[in-house]
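Shown below, as structure tokens, is a lone chain in the form predicted on its own; questions about how it binds or moves come after it.
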């Protein structure tokens, strides 16, 4: 059963490390029982946001409410219900069973302890009969991550926060980790908040995707972000020359390194006489993703080495026979760009 209402509410939040603002969110509500994806480059603030949502740290300014209450880090009201799986979790120097059971014992939840540990291990594909008594040092990297996830699933949390849960693990472990998290959401109504570079998976499963850059939420992950350095061409326009000799054009930037967000990208036909405000680039479709919330398809188009996100309807995909490997032309207008 999926609960209703917001489980988190953020207002005028800012977090500061060593005198530097690393996260600023004016307003955000996260619905209970949903699946929220966080995307963005390294250093964009995803891990910081997860630590704040995990009530491990307190924001420097502003408010973060969990179930309507502002709580201190590790507050008893929340610590039994919220758990974070960091990027590089470690196990204690004990066998798998005792690792998975540790959180339950710490909370005094020892009724049916063995059954709950076995259930959690089964979620992540580590059968208790083979793994429960295995020492921590006898696990592979993927098995270690899955055991750490099992320790959190044993708590049946209201909120499960995952920070790059499939980075650096084998394909089989990645599949089991994803499946276990979704099963918790489906069977227990657990709210999932996942920071990941695996955008295709996030678009398939998330009710909402938030794109972060330089500590700010600026979109849904459907936008294309372009990075400098920018150059001024001989005709006075701005952009950069790609290695395949195509010219990526932009409006005059506020700074030589300022990133640009491009919206309203479409698949178009090459125009022999394009208007000065239109830009055409040729690229190759690398993949197609279906957005769970809207049912729209997003084509990832590689122009040289730059990745562009192009929204399509399912009818457009079929009518224009869009498939990975197809060469296409993308089109955007200079007035559809904004600066981050």
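Source: prediction; values computed, not measured. Numbering follows the first chain given and starts at 1.
Heads up, the form predicted in complex with a small molecule isn't pictured, but that's what we're talking about next.
Visitor: Of these, 54, 283, 37, 45, which has a heavy atom no more than 4.5 Å from the small molecule in the predicted complex?
Guide: Result of the distance check: 45.
Visitor: What stretch, of 326 to 334, 312 to 320, 18 to 26, 5 to 13, brings heavy atoms to within 4.5 Å of the small molecule in the predicted complex?
Guide: One stretch meets the cut-off, namely 18 to 26.
Visitor: Look up in the predicted complex whether residue 295 has a non-hydrogen atom within 4.5 angstroms of the small molecule, and give yes or no.
Guide: The answer is no: residue 295 has no heavy atom within 4.5 Å of the small molecule.
Visitor: Does residue 41 make contact with the small molecule in the predicted complex, using a 4.5 Å heavy atom cut-off?
Guide: Yes, residue 41 lies within 4.5 Å of the small molecule in the predicted complex.
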